[in-house]
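Before any questions on how it binds or moves, here is one chain, the form predicted on its own, in structure tokens.
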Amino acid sequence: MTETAGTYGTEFFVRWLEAVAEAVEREADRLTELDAAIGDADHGANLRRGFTAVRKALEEEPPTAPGAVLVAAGKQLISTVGGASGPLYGTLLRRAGKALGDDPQVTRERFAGALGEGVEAVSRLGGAAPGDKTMLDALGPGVEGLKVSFSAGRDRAGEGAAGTVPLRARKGRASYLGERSAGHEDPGAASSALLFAALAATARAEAADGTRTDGEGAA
């Protein structure tokens, strides 16, 4: 479906998740190294498997609305990714997708609001809050930045992930390490930042090929 200025349709969200899958494939080893320091050393491998499955599912049964793309991706992550990351990322995308409903076009601001609902659902599911050295430390700032622009979402999520390095983990497996968890970037925050980086890259690519007319894709 053709997108109008200031709105984003189904194809945009499919391209975004394809970009996420590519980013996870590229960064899987780094994510695993981060997880090896304070977790189970399987974060990269788990997400690679999950987003590969997401990509395949979207190709085999193309959704018809942005919300449906996110719901389908969330279900796939929950069913294929082990550990905590599958339910958490799955909840993030499913809740955001349900918030978008069946509308064929959504604005960046509306998507930011829907993703914010997903972040709240993740917080409830994991019992974590900002500052606990979890994915929320990148997701929350990323959503706030997305309200401004795609590039601001990317930058703030990246800053949030980097900001987990000095923190002591208060939730998840890393919390068992106590003070030893400080000095390491949280792998969930690092992978969350990849979502926003891929989103900004997708928007930038659309701007470059002339499919956007509203300037939202500018980095």
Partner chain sequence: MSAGRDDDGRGGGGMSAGRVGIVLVSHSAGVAAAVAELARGLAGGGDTAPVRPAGGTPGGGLGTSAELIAEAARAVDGGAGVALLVDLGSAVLTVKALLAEGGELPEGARLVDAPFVEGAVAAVVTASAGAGLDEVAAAASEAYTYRKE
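Positions refer to the first chain, counted from 1. Note that the coordinates shown come from a computational prediction; the quantities given were computed from them, not determined experimentally.
From this point on, the text means the form predicted in complex with its partner chain, which you will not see here.
Contact annotation: its partner chain lies within 4.5 Å of heavy atoms from the stretch 70-78 in the model of the complex, the single such stretch among 112-120, 70-78, 143-151, 99-107. Taking the partner from the other structure, its partner chain in the model of the complex has a heavy atom within 4.5 Å of a heavy atom of residue 87. For residue 125, a non-hydrogen atom is located within 4.5 Å of its partner chain in the model of the complex, even though that partner is not displayed. Contact check for residue 131: no non-hydrogen atom falls within 4.5 Å of its partner chain in the model of the complex.
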